[in-house]
Each structure stands twice: as structure tokens, then as C-alpha cells.
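Presented as C-alpha cells, the chain that follows is alone, the form predicted alone.
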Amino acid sequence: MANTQVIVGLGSCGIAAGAKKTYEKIRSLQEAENLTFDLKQTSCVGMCYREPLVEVIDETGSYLYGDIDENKAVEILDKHLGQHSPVKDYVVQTDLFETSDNDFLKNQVKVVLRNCGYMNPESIEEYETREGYKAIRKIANEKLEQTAIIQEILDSGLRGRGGAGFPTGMKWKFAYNNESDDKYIVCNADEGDPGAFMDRSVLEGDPHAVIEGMIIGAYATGANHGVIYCRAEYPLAIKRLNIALDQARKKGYLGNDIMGMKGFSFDLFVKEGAGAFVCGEETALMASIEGKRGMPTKRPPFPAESGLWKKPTNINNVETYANVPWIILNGAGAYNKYGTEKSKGTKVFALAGKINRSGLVEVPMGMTIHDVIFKLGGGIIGNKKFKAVQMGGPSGGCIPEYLSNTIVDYDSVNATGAIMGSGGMIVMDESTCMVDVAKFFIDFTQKESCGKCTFCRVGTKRMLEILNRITEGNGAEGDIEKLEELAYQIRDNSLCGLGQTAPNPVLTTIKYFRDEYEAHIRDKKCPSMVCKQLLTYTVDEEKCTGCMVCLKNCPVDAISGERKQPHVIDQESCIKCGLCYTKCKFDAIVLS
């Protein structure tokens, strides 16, 4: 047992699922029984749907256990470590035999997530054993020129993973060409969409990869100051970032004359943001770092010319920087062998919604959306029909099932009306109301609007009002056309990306699911039976036993009837709360 390792996933998702209790239980048993295995922590391995996760590595191999609470942890210690008999029923991944979860990992290509879940994120030594900081050493030892590094990034085809997909090497070149004694390099870790879950997981699981990517970017562009802008709602990511920064300084990866490269001095700090969605936009982000209200400004000048504190500034997001050390170490050719002609490498997605395997996945560009959902995600919960997927975060678009063979590629996704964004992928099934979905996302973007642009501030509010009317049964002919007109005006006249993309959920749901809008407006019906005010509750007289449960639970006395006689619901009094539907044990309440 002396060489055995027990590793517990302590990312935010794991902790939320109870992993901290599992870890403490294992540690208490280890101390009480004087067990000699090595207890470690790691972060999210991506299998969020199986948290808490515990990995056991012994002389026979590696076993990743899923859904491990305190009781199961005791059983694993007893049987696997004590009796040398792995508990196969709990194993979700191993190289020794097939499991039902094998497809989740085997169809992925991990570049950004190469270390997440496989090392202690608070140990710089473990990062170094996994080729960490080897890329910056290569630059120092081979005396690589700044222009050579920028060319390598250009040749790799790496595009910004924050949403717009602008070529990273081109961005670096612009910053490099701008001569100044002071330059800044910034990491945007503040995207407020589901993709931010990806950013948070990378910062929690592999902070040194992002730091190393920023060091390389700083050297290539000539920057001497760096900032990681991270929302304060990610305390574990911030904690691990600061631990990693202290370790990197002590090892000489940050500071003066880094790795013996005379004249290359660089350090960075973490700036905690207030979590405003608009601060994902680079000019609003820089304003926030400077202590101003996070509001976008007109461009030009672009950040590469005049950015943070009026100095040339390069901004990329977490996923972009995490790619960089791998590219420098393995070469542009190794990276761009993955992907399509215009979209190279891999892309990380946060899979969520009505899907069996929710979590974090990294796939090669060019894989179809259908394969991501059904091969990695395991298909739809309860074998329901797949209806649509929303991509790109709150301002992304909805892609219908018949377009699910669209490949993961910037241009292909954009052609559907959706956007790649920073990696959100929300899966919807047949029970999803697309009008309600559009309302949900417009409600979010309307609240997150900074208010600077009239079109965004007022336009999204008017769209939300129309959508509320439609879902409440008060929609009128012409509402769809009003939504489209407002959407185009907001898209074309807003200053920043928030306003320009905010109408996407509405435009795509109208484009692909117009019949649902028409049913809400003309028939006063919600086909998916989601919109509360459009539902009708009636009693099936043949099934009703007159048990009076529904009558007693109705909060407004809208149900009448005698015991053992069929009951009746007064439609004028009914507030459509649904209590009768949920309380009836005989399926006598009909929902239509």
C-alpha cells in the first residue's frame, strides 16, 4: 500500500457535490488506522456528472471512482486497499476494463485540459513533472526571437477562444509592433456565460499553464506587466492562482531577467472583478481594472495601440493562454493537425442541460455537434427527443436538431446564427419551450446591459416585454415582426459585443421555431406545455375517484365536487399553480 495513491477531485464542482466530506472521511480513516497510502487532491477531471470523484492508483493500474460519498469511500478503502479488490460497480474509468463512461473520455483530445484532474494544482513541482515551464525554458535555452514565437503561434492557427475567434498570433503581432517602454498583457477570466465554468475549471485545475502562456505572450509582445482579471465569485480559482504566482516567483519564472533572459522582466497580479457580464468585453474589462465603471468604449484605438492605462495591451482569455505552452513545446504542426482549414486545434465546451453526461469536454475542431452530445454527452436524459442546442452563452443562438451535423468550427457555427463564444453548450429536449428559452436569455442580457447604448439598454427591455406578453397569453399579431425589427436595430447599432449578440437567441428561435411563436400568439397554447399562463387544467371524469386531495390542496378553492364523485375545476378561478396536477395519484388531472 506504500506506493498507492488516493486522489480526490476538489474542484468547485466536486466540493459542491460533497467531495470535501469524502476527502475528510478518507483522511480521518487514514489517520485513525495508520494507513500508508499517499492522499492527494486534484481538480475537476471534467466528469462533473459523476462528482465526487476519487482515483486510486496502485501497482495494478489506475481506477477512477464516481459518485463517491463518505460511505462508499469507506467501502473502497476496505475492499480496494485492504482486500486488493477494486469495487468495479463504482469505477467510471480505467484502462483495465470497459465502463459505461469510457466514451466520455476516449473521444476527447486534451490540450487545454491536459493537466486538469491529473495533478495537484497547488504544486508547481507536479506541474513541472508534466512538462510545465518547459516551453519557457525552451525559449530561453534556444534563444528564440520574439518574431519567431509570434510566427509559431500564427502557424498553429490558434484563434482567440474568448468568442470572436480573432487569430492570436495576429493580435500578438500588433502589440509587438507598437513600440513602448511599458506594455501590458491581460488574461480575461471574466466571461459570464456557461463557458466561464470552463475558465474557472482551468484556473482551478491548472493555473500554471495560464501563467506560463502569459509569460510567453509577454516575452513575444514585449510586455512587462500582466493582469489576470477574474470574477470574485471564483474564490477557489483566485486562491490557486495566487498560490501559483507565489510559487512561480520563487522559482524565477516571474520577476527580473526571467530564465536568464537579460532584459526580460515580467510580473503579474490578479484583479478581482465584480462579475459584470459586460466586462467580458475588453474595453469594459480594462476600465474595470483601472477602477472605473465597466463600460465599453469605441474602437479605434484598439488595445494594441492604447489599452490599459493608455499603454499597448494584449488581451486573450484563459483557454487561449493555456494552449500556448503546448504549442511552443510541440510545434505548430502538432497543433494544427487537429481541426479544419480555418479552425485549428481543439475547443473546450461546458456541456449542460438535458444531457446524461454534463461536464467539461475538449474536442478536436471538426467534430459534429451531434457527436459531442451523443458520443461524449451520452444523449438526452430519459431518452427524450433532442430538440436544440444553445451555443455561445447567453448571447448565443439556438441550433435545431436537424442542423446537429454542423461541425465545431467558427465559420460553420456562425452560419447557423449561433456563435462559438467561450464554450457554452446547453442541450434542450422536446419538453423545452423555445419562446421561453429566448425570454430567459434576453432577461439575462437586459439585466447585464451596462446602459451606455440606447439600443441595447432600451431595445432589450422592449424585447423582453414582448416576450413576456407572448408567454403570458397576451401576444398579438405583428409581435414576431416587432421582435425581429428590434433585434436587427440592437445588433447593428450597439457599441459592444453584448448588445451586438444579445438578440441571437430570439433571432435563431424565430428562424427555426417560428411555429412555436405562432402557437403562443394565435392559439394561446404552449406546445411544450411550459408557459404557465397558457396551460389549462381539467379533470378526467373517468379517472377521478373523488378522493378530494386536489380540492383540499387548491390554494384558491377553484376545485369543487363531492367525495367519490368527479371533481370540476373552475377555469376563471384557477391560477394554474399545478398543485392539483402534482398531488393527484390517479392521473385524473389533464394538462393541455
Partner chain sequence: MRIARIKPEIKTEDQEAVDLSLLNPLIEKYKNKKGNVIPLLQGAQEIYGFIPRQAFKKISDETGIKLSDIYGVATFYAQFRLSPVGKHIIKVCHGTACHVQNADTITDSLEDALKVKDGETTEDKLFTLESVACLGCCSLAPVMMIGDETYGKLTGSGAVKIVKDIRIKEKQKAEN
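Everything numeric here is computed off the predicted structure, so don't read it as measured data. Rigid core (definition): largest C-alpha set, two forms, superposition within 1.5 Å. Positions refer to the first chain, counted from 1.
Absent from the display: the form predicted together with its partner chain. The rest refers to it.
Stretch 351 to 359 is the answer when you ask which of 476 to 484, 351 to 359, 153 to 161, 321 to 329 has residues with heavy atoms within 4.5 Å of its partner chain in the predicted bound form. Residue contact check for Lys292: one or more of its heavy atoms lie within 4.5 Å of its partner chain in the predicted bound form.
At a distance threshold of 4.5 angstroms between non-hydrogen atoms, Lys110 is out of contact with its partner chain in the predicted bound form. Taking the partner from elsewhere, Gly417 is found to have every heavy atom lying beyond 4.5 Å of its partner chain in the predicted bound form. Residue contact check for Asp443: one or more of its heavy atoms lie within 4.5 Å of its partner chain in the predicted bound form.
This chain lacks the partner; the member of Asp267, Glu272, Glu305, Glu518 within 4.5 angstroms of its partner chain in the predicted bound form by a non-hydrogen atom is Glu272. Listed residues Asp409, Glu122, Asp101, Glu448 were compared with its partner chain in the predicted bound form; Glu448 is the one with a heavy atom within 4.5 Å. Remark: none of the three candidate residues (Gln489, Cys526 and Leu535) comes within 4.5 Å of its partner chain in the predicted bound form, counting heavy atoms only.
Looking at 562 to 592, the residues that come within 4.5 Å of its partner chain in the predicted bound form, counting any heavy atom, are Thr582, Lys583. Positional change of Tyr537 between the shown form and the other one reaches 2 Å or more at the C-alpha, relative to the superposed core. In the core-superposed comparison between the shown form and the other one, Gly18 has its Cα shifted by less than 2 Å.
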